[in-house]
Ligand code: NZQ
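Shown here is one chain on its own, the form predicted on its own, set out as structure tokens.
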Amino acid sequence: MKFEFRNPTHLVFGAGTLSKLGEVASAHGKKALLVTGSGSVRRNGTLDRALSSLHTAGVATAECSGVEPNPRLSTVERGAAIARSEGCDVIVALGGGSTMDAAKVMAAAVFYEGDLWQMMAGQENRILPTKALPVVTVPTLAATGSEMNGGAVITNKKTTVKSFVSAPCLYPKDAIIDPELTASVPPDQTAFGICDLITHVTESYFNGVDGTPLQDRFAEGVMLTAMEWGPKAIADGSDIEARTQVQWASVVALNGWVQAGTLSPYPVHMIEHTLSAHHDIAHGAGLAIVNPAWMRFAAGTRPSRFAQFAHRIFGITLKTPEDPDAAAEGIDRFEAFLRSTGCPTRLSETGIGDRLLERYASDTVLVAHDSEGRLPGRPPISKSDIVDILRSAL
């Protein structure tokens, strides 16, 4: 393996740490743009607690609320305009992955010249952002891991394309991770978040380069932890120990530790991004549908890896290191786990039919493709392969 790794985000983790928000944010500025989502943080009192901490520390605030579950470019533009007009010098993202993603791009948009969509993957003459306001993330959902990485996913509703940007300037300066803030998350959204965090590590586990035994164990540890504690968090939202373990798994799943050295693409995420761009379904719900379907497609290309997954995650006995029956059973049991948490595992469960399968495939490779126009992965995936994968998930 050859790789470089750096994560500059300062992490403050543990129940009750929301109280530190003002202290942390005040190190970066005097006026914060507080970015929130659909309103749950206002209803459950989290917003008031955040504002109290900020104001006590002498940090004034302006607000940008209403970030969508699949954040839109227009919302990013709106937030950046508020930050400029209000003279904000720090951004606080209080919400789920969509809120954090939008906030990070808002922070860069304040300084970005030209069309913001030009920073996104899939654009000709792409120009990445190089400067951003400092961002403090405060996740209220265990799912995306956006609180401690330099990536963001944004939807352009004018073109129905969902794309991503990753740049060093987008790393949050601080992440305050208080598992108590996730206690009010309903069971379905908790389940979708668990699927999302697991998929972050299955992407590198199945698509990464060979010869990464330590990263394999990291990935397996995240999966096993999420599968042990996730159902407990779903069953009892007030189980703070379960919420804590799932929250930490979410952070580790995408802060770069698991992926270091794997050089992995993210084909399952790319396919799902297209679905949620067109239909606005929850990202984790879409992943629960796409991931098992993709795994069945890819298993024959790397049978030993899928057999290893079956053995190490589900304890299935292997007849050979490449046991195809064990690999298939492992995928079936993984899909059954997702279903047991309340996640959909078929497109029809979300109201998506087969009318636009070709369009989904074309939009997916528009954002990410190799020199032959295929979606990167192991194996590389043609547009017809994407159609077949989605058709198998109908």
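In this text, all values refer to a predicted model and were calculated from it rather than measured experimentally. In this text, residue numbers run from 1 along the sequence as written.
Not on display, but discussed next: the form predicted together with the ligand.
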Open item on the list: Only one of these stretches, 74-82, 269-277, 122-130, 313-321, has heavy atoms within 4.5 Å of the ligand in the predicted bound form; which one is it?
Closed with: 269-277
- [ ] With heavy atoms only and a cut-off of 4.5 Å, decide whether residue 97 touches the ligand in the predicted bound form.
- [x] yes
Open item on the list: Whether residue 342 contacts the ligand in the predicted bound form should be assessed with a 4.5 Å heavy atom distance threshold; does it?
Closed with: no
TODO: Report yes if any heavy atom of residue 29 sits within 4.5 Å of a heavy atom of the ligand in the predicted bound form; otherwise report no.
DONE: no
Task: Partner proximity in the predicted bound form: residue 174 to the ligand, non-hydrogen atom cutoff 4.5 Å - done: no
Task: Within 4.5 Å of the ligand in the predicted bound form, all of 225, 245 and 296 (non-hydrogen atom) - done: no
Open item on the list: Please tell me which of 170, 251, 290, 181 lies within 4.5 Å of the ligand in the predicted bound form, judged by heavy atoms.
Closed with: 181
Task: Heavy atom within 4.5 Å of the ligand in the predicted bound form - residue from 141, 258, 191, 88 - done: 141
TODO: Just give me the residues of 152-166, first to last, that have a heavy atom within 4.5 Å of the ligand in the predicted bound form.
DONE: 152, 153, 162
